[in-house]
Every structure is written in C-alpha cells, then in structure tokens.
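Before any questions on binding or motion, here is one chain by itself as structure tokens, the form predicted on its own.
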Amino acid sequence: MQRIFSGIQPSGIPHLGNYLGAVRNWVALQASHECLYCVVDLHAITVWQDPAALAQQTRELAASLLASGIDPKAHILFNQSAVHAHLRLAWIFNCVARMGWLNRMTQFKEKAGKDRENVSTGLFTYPNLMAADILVYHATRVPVGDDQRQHLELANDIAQKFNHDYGVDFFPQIEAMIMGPAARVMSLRDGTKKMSKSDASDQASIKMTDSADEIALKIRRAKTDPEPLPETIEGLEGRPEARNLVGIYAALTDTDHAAVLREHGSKGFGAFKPALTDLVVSKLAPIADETNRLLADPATIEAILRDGARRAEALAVPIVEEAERLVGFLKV
C-alpha cells in the first residue's frame, strides 16, 4: 500500500465543503492506502490563535473526523504538535529551500496582501513545514485541494534539492491527489466564493453538526436566480449558485451534474431545495450525532490523538534521524 499523508487546520467543526472536498475522500482512501491524517495545529498558529479556542477546535475537528469514519486503529489520526519530528525536519528544509521559491507562493501573497511586512515568518515558511509533514513519513501521495498544488510542487523541489545536495536518493517524490467533482463547494450566499467558516454570514455555510432545522433554513435562504434548473449542463453556464447546489446534490449522491439535471431539470428551486435539504440532512445527521457524543467525552478524543501521535512518531523518528545523519549532525 502507498502511504498517504494529509492534514487539516483545526478551525472547529468542519463545514459541508470540508466534508465533500476532503473528509469524505479521506474515509474512502482508507480501503486502499496506509493513511496518516493530521490536525495541523502548528500551521494554525501562523496567525494568532486564542489558546483555549485552539485546544477546543482541535478536539472538535478530531471528533468530526472520527464521526465521519476515520478509523484510528487501522490508520493514524494525530495532532501535529505532538510529533516533534515534524519540526526537526522542517528546520532542515528551511535551510534547503530558497527564498525565491517561497516568494513565488501565491497563497502567501494572497494571505499577506499589502501587510506583508507584518505577517509572521511562520506564514512565509509554512510550505517548508508542509513539506516536512509529508516527507517525514516518506508519504508518496497527498489528497489536497487544487489551491495546495503549488505547495506540493515546492515539497518535491525541496526533496530533490536535499537528495542532490547530499548525493542520496532519500526523499521520494510526492503525487498530488485532487479528489472528486465537489472539491470546491461554494458559499450558499455567493456562488463565486468558496464555502468558508470566515464568511461574514452564518448562512453561507452548513456545519457538519447543524441540526435539520438549521440546514433547512440555510438551504431555503441560499441565493439562487429566478430561472428553473436547466435540463443540460450547458444551461448552468453563468449561473454559479445553481451550479453550486446541483454540484452538492451530485456529490452527495455520487453522481454528476448531468444525472442531477436529468432528475430535476426544468423544476424550480421551490421543489429542488427541499429535495436537497432532505439529502443533506440524511447524510450529515448521523455524523452530527456521533460528533456530539464524542465531544461529551474529551478524554477519549485526547487518548485517540495521543495513541496516534505515538504511532506516527515511531514512523517519523527513524526517517528524521537518518536525514540528520546525512546532513552531518553529530549524535553524542
């Protein structure tokens, strides 16, 4: 089996976009890969976090992953800061990566904006830590959103430069796995923007623990246009909100836009939205119930993360120690 590594920042309960774009795929990949899934709390502090909130959001994310079907016995679920090998390799990669490479990272430019001089150095070197997260396990496949593809290309550049500089074939090449037709679920209030927890409107996203009533209200209020659903995919052109709702329905039924339109084309949103609501509730309600059950027992969540960190460390330490030996660090 190929080894997969993927991480997600602990910003609390995931939303529907997180579930369809990442979490559901993580669950499916367990059948065919050796999986390490990580709550990347080190990456989270590249911007300031309230300490108590960060700890609670780590528990919430872990609970949501477990409730969705991540198996912590067959695979590994852990929080990043508990495995110090990530940091040891990240420092080596800080010294391998070039400033010019990091300066080209479009995500840093977007996040820093015009305030570039006041952002943390951690935000700038974030891709080096991401490379260490993956390569400290010699993982070869990483399921990511398309917005992280550039970071994986950089990770491969770092691996190649390390191998070249030290005359070895130590770090493997990484393959990006861009998963699924619903990798980009958009805001319910603006079909041109990704669904996000940071949206000013609570109505823009559906949390995985939202109640049936909350889901119904958000879908009922979701922005649409006055036209009925088209009967062909071509009819979705220029209609981002319609495309988004159809895409959500397609992803939750494991079909595609064309199949949804064959069933619901020519119907108005007054008929389609209740059908979509029933579908979303049926998929999320069991996950919400299990998430809430786990959150009522935080000690169990922490025990699972602690065991995962122990098992992850057992894989990572020999690899980082060999990297340190190759660099020339003296073990005394």
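Just so it is clear, the structure is predicted and the values come from calculations on it, not from any experiment. All residue numbers refer to positions in the sequence shown, first residue = 1.
What follows is about the form predicted together with ligand TYM, which we do not show.
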Selected contact from His75, Lys197, His257, Arg220, since only one has a non-hydrogen atom within 4.5 angstroms of ligand TYM in the predicted bound form: Lys197
Only one of His264, His43, Arg59, His33 has a non-hydrogen atom within 4.5 angstroms of ligand TYM in the predicted bound form; which is it? His43
Ligand TYM in the predicted bound form: contacting segment from 87-95, 229-237, 189-197, 206-214, heavy atom within 4.5 Å: 189-197
With the cut-off set at 4.5 Å between non-hydrogen atoms, does Ile8 touch ligand TYM in the predicted bound form? yes
Might Gly145 be said to contact ligand TYM in the predicted bound form, defining contact as any heavy atom within 4.5 Å? yes
Does the 4.5 Å heavy atom contact test between Arg184 and ligand TYM in the predicted bound form come out positive? yes
May I ask you to check whether Ile134 falls inside a 4.5 Å heavy atom distance of ligand TYM in the predicted bound form? yes
Who in 8-37 is close to ligand TYM in the predicted bound form, meaning a heavy atom within 4.5 Å? Ile8, Gln9, His15, Gly17, Asn18, Gly21, Ala22
